[in-house]
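Look below for two forms of one protein chain, each set out as structure tokens: first structure 1, then structure 2.
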Structure 1
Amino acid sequence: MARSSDDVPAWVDLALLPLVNLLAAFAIAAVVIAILGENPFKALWVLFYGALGYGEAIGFTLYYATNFIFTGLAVAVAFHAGLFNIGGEGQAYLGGLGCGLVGLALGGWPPAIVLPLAVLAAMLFGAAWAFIPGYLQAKRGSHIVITTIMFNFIAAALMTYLLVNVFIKPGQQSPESREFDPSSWMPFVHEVAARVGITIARSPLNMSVVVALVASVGVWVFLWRTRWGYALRVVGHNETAAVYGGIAPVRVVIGAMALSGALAGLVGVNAIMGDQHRLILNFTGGYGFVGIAVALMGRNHPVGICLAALLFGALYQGGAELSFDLPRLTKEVVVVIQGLIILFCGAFEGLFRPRLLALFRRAPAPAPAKA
């Protein structure tokens, strides 16, 4: 955000540059696809059509995007406090456990009570899981990158233990809990739309997407419009200055991690209460890690994160369609395409920047000065 104060129009920095990066990524991807013996234009068409071409595809894209918004916001909040939270995966896992417990325990209660409780439980469990690494970082100096990634494994071990030994129905092959009572399901968007007379294709998209948008606005207000958010950003920029200004970094670090974990935990609401309606293993499917790329691409700003989440949601859904329709493009090729986009939009972000900015800086600004 800060860099857009260069003397170029904001749209160049915020829209044109990402677009150029994206096109470059697709160009390289096209070469890879061509080498593999498929028509790149057809492949990219299948990718786009599969992601946004029809109602169900859009539903799936938005469902994935919802997950990415949560994990992207989680990474961004921690990042603004100077922390690199790569434990979104584990925090999302625990979030799912939290709302899953509510779903299992409060089956049959009115949705107006169960759903808010489920959302709160998911946030609480996610926050608790991130609180520990936050505490260790703030008080003990244990590096957050190491502890959060280790907590991913502890979360996986905990969930496997619970599902294999505690929640599993005896005699059942699959380690999963019983289905929740339908009253505790997060309503599907197509059902809600049907109630008001609009027909939308059936998809896993559920009302968690609204929670995601509210969370995005909330994060923006918190970071840029509250004292807490200000303190958080100051610590992230310069901890010494923060101490000088009377801010206690310990509390900020722990608080930022807890908030980050709470946001990641909301993935559980989308995946467990919204889609699966039972506790299962591995429902996080890498969303926590993709959240890092989403936050990077979205420049740690909620608006950017929502857009980047949409892009990655489209890649997830379109990528599945791609390997479905063109079997020669296996799931690994889809990962390559996603990787290229991360590479160009994240790591190579500076590749076209200087030239592009120079192009637009030169044109309008000096003209009146010379005249």
Structure 2
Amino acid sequence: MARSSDDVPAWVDLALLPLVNLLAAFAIAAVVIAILGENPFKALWVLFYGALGYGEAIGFTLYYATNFIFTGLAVAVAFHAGLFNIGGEGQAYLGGLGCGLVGLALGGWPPAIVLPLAVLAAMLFGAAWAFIPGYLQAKRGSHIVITTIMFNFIAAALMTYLLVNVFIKPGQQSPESREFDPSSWMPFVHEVAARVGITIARSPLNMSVVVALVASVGVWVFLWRTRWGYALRVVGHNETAAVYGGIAPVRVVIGAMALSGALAGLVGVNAIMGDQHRLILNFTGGYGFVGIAVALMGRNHPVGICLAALLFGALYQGGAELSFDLPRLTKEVVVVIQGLIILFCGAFEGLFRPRLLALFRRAPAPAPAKA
């Protein structure tokens, strides 16, 4: 009988396999770049320098990574409960609506009151939007993948209606709200650093990055250090065993989806309160879908998710520089490179697994000698 992957060192599955998948994706991308007539090594250098080569680029990379941390954590929490939440886009949309309403309504209030309320509103709106598919899955058996995809479209339509007919700034045609009062803006990191005498390049990076790190620690504590997290993981592994152990899967499924939606809703805090300072359309920018790849590549663990989010943040920022410095590598080519990484870290995630497991599998312990 073949031995399980338990006979393989943990670092092989947690670190080496994602690295091999990533290198394979970059190798295919290099072939595509060479076919287009550009030097793959030069393109890689431009990508790296554009993402991490100077202060402003680092700020943009971390700004994008913050969004990916939120959506990656959202996918991971649902995944540990045996659910595949593809509704991060819609939940982030509603999270942005929640914190945007706080910014519009409480302009001029002290930031110490407005900002915590904005974070709370983003989480509540995102949780409410994910609660409905969770309830339908737990109570009616509606598949979570279908309902969350549908709710993405409903959220987009709802935001379009609200910004065109309700929140649009009087006297303009662009579907966006008026700008929030500066007292309700999430502070920029370069401004906070300047107050203590540290000079940092200007960028949209704001204190939402601290919220993302706190959320990562909170998810780790919740999943692996609390009884509720244990119940969630048990339901995800074996629902029948969970019922036998006295765990109610219905409550766990609904609660997991609500928590997942709350995490995705925090994207609105980073994008709306921290960058745009107004309600606009399409501020999610595909973060909810990329969060799926971030969670898969990060092995649904907060540490891995933070590292994978940093990678995709670098791809977002460096990709913009790549299309600017190398005209043949258009924005669509950058999307292809990102898609290859998602493909190898997602659909092809198990392509190299059997060979790596066979290569690093430990030898069985010798059987004790008979007397």
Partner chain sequence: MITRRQGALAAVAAACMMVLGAGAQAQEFVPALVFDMGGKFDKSFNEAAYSGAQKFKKDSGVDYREFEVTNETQREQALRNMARRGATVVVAIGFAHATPLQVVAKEFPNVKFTIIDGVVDLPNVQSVLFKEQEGSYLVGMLAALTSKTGKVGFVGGMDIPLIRAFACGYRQGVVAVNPKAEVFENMTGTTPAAWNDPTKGGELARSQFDRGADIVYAAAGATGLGVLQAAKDLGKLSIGVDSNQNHLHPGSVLTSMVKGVDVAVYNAFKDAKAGTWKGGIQNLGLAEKAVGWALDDNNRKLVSAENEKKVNDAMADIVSGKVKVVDYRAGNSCPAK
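Take the two forms, find the largest set of C-alpha atoms that superpose within 1.5 Å, and that set is the rigid core. Quick note, the numbers are simply positions in structure 1, starting from 1. Here the structure is a predicted model, which is why all the values come from computation and not from measurement.
**OP:** Please match the form predicted in complex with its partner chain to structure 1 or structure 2.
**Re:** It is the first structure that is the form predicted in complex with its partner chain.
Original post:
Since part of the chain moves as a rigid unit against the rest between structures 1 and 2, which of Asn282, Val164, Pro182, Pro327 is at the hinge?
Top reply: For the motion between structures 1 and 2, the hinge residue: Pro327.
Subject >> Rotational displacement of the smaller rigid part between structures 1 and 2, which moves against the larger, in degrees >> reply: The computed domain rotation is 8 degrees.
Subject >> Rigid-core-superposed Cα shift at Val20 between structures 1 and 2, Å >> reply: For Val20, the alpha-carbon shift amounts to 3.1 Å.
**OP:** Determine, in Å, the CA shift of Leu356 between structures 1 and 2 after the rigid core is used for superposition.
**Re:** After core superposition, the C-alpha of Leu356 moves 4.0 Å between structures 1 and 2.
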